[in-house]
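You are given structure tokens for the same protein chain in two forms, set apart as structure 1 and structure 2.
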Structure 1
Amino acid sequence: MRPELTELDRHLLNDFQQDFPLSATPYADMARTLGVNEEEVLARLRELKQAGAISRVGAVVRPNTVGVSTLAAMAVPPEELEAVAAIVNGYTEVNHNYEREHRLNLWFVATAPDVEHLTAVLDEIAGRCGYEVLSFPLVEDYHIDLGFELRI
């Protein structure tokens, strides 16, 4: 069910995607900008998360500037895809995975504090699932702005 968005929700979701306050009190700063109090901002963000309208409020950092990451892929028989995806999603190091129409049909991004930890996670996933995990570390980065204006 789609949550009913208020005018405050629209401002919270649109106005701070790129310009989140970098201060010790970011939610108070947002509240001051929007003419409400900090508790109201925190309550609305918590309710939007509980309703599934947002997954998180957090920073996006350039890959490999904090820890290490890789794009990984597996070739999984279609009848096992859901089960293998569930195993992959169980790792806190995996931040998302998705299906592609290709021989390598399960892709995911994994992050870790260092290369040794990342390698151990990928090896463990391969061992538990019974399928090779191919790692495609970043060679060259491109900036893609993932901000989206809500028009509802």
Structure 2
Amino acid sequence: MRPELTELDRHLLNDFQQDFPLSATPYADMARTLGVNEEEVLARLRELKQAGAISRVGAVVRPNTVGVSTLAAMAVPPEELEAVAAIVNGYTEVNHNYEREHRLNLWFVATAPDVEHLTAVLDEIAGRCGYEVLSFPLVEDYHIDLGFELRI
């Protein structure tokens, strides 16, 4: 799954996590900065997206400014984990879902337009799965997201 990265890929992945040009023609601007042509930038971005290296080109929205989200956790017997994870994954509202090494072994993030909707989703998941869903909404955010410098 790991894509073979070219020098151009490294620049596309590292240089524009933060300083993406906000203009009508961002890919042409990126191409100019990198000394390549726009078609090349678009083609590589499409391939990196296809390979899963890029999830999207777009906005990372500050939590709880548009919509509300929470981190939720469940303690699920290992033999049922896959089935429960599949139920959780079935919700459009769930955007991250991981198994982690702990008694609380399923951790997911749910985002919804408002608190009522979010609560209803968590209640429904608990009801369908038969396990308590603990919800840990954000109280304070300390991280200033400057992107993640890849050493690749």
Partner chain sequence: MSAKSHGSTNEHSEAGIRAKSAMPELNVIKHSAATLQRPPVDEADRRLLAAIQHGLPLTPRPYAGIAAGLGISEAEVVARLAYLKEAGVIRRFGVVVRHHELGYSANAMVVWDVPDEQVTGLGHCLAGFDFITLCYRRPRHLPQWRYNLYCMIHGKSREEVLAHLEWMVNHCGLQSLPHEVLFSRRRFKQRGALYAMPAGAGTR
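In this text, rigid core is short for the largest set of C-alphas that superpose within 1.5 Å between two forms. All values reported here derive from a predicted model rather than from experimental measurement. Numbering runs along the sequence of structure 1, starting at 1.
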{"property": "Chain form predicted together with the partner chain, by structure number", "result": "2"}
{"property": "Core-superposed comparison between structure 1 and structure 2, P21 Cα displacement 2 Å or beyond", "result": "yes"}
{"property": "Core-aligned C-alpha movement of V88 between structure 1 and structure 2, 2 Å or more", "result": "no"}
{"property": "C-alpha of N64 off by 2 Å or more between structure 1 and structure 2 on rigid core", "result": "no"}
{"property": "Inter-form CA displacement between structure 1 and structure 2 at A51 - rigid core frame, Å", "result": "2.8"}
{"property": "Cα displacement of R32 between structure 1 and structure 2, core-superposed (Å)", "result": "4.7"}
